[in-house]
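First comes one chain, alone, set out as structure tokens in the form predicted alone.
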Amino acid sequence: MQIGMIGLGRMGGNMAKRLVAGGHQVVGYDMSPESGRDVDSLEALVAALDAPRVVWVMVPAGKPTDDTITRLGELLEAGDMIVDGGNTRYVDDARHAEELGKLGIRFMDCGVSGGVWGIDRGYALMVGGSKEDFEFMRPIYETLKPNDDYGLVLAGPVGGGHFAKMVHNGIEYGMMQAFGEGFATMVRSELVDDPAAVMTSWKSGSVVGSWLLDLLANAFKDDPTLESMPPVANESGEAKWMIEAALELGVPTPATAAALYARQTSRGGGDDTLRVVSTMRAQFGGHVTKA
């Protein structure tokens, strides 16, 4: 197939390369002249594609995605297809689909997981949209996904792909937090000589074996103590959205919430709270807290 790729960063650029290697024709656009782009504007991108056009949007969620999709709506024609592969909040997908639908432009949302390794391993794709549109896009999806029977699913109607990716990332938060807590516990124990070696041993035969653990074991090779890494973890929003959605659905998510709060605390988000706690302990019990 022929496809336009908007956003040639760490994810979009590698996805474009995997598609080219799979025999597709990719016309790439990025705002950065150093991105290796094929065209220098959205207008040029649309002009370079044959109808019915397929355009994959891989830019940051929020205003950048909104602005890009709005502009594409002005440039594309009825019958063309837009796929939003970024981390857009699922509630925005229905709005995009409705606005584009009035123009006869088809729309799908696709949650993408795989990071910088996806170019070789393939990407896990969680798609939202109609079955008809899914089959139309299948050659692209099949090339991007891993070379086995997994990694691709039509999660549901429009919005379903990003909803599934949101849940996927919430689970990811919890898994990483659990590994971190286990490592920290062993570090502080006199009974474990080499926590890094212990966790690396779990790569084979253990029920907690996973790609996340494999990646952690890779990092241990260069820094078994992880002291070179700052004790700060950012959060990109998906876990927060998942917790909000789960609350609306009446689903308790204590593990995901705890992982999210841990990341927020790591950035100093809990400093003022803890100052209040320390102050009250000192007032009622004379407890002196040392840094």
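One rule holds for the numbers: they count along the sequence shown, beginning at 1. Rigid core here is just the name for the largest C-alpha set that superposes within 1.5 Å across the two forms. Bear in mind that the values here come from a model prediction, so they are computed numbers and not experimental data.
Omitted from view is the form predicted in complex with another copy of the chain, to which the following refers.
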item: In the predicted complex, the residue from D120, E132, D194, E74 that sits within 4.5 Å of another copy of the chain by heavy atoms; value: D194
item: The unique member of T70, S32, S41, S236 whose heavy atoms fall within 4.5 Å of another copy of the chain in the predicted complex; value: S236
item: Segment assignment from 74 to 82, 196 to 204, 135 to 143, 97 to 105: heavy atom within 4.5 Å of another copy of the chain in the predicted complex; value: 196 to 204
item: Any non-hydrogen atom of G269 within 4.5 angstroms of another copy of the chain in the predicted complex; value: yes
item: G86, heavy atom within 4.5 angstroms of another copy of the chain in the predicted complex; value: no
item: Proximity of V276 to another copy of the chain in the predicted complex, heavy atoms at 4.5 Å; value: yes
item: Interface membership of E244, another copy of the chain in the predicted complex, 4.5 Å heavy atom rule; value: yes
item: Stretch 175 to 197: residues contacting another copy of the chain in the predicted complex, 4.5 Å heavy atom cut-off; value: M175, M176, Q177, A178, F179, G180, E181, G182, F183, A184, T185, M186, V187, R188, S189, E190, L191, V192, D193, D194, A197
item: Core fit, then R281 C-alpha moves 2 Å or more between the shown form and the other one; value: yes
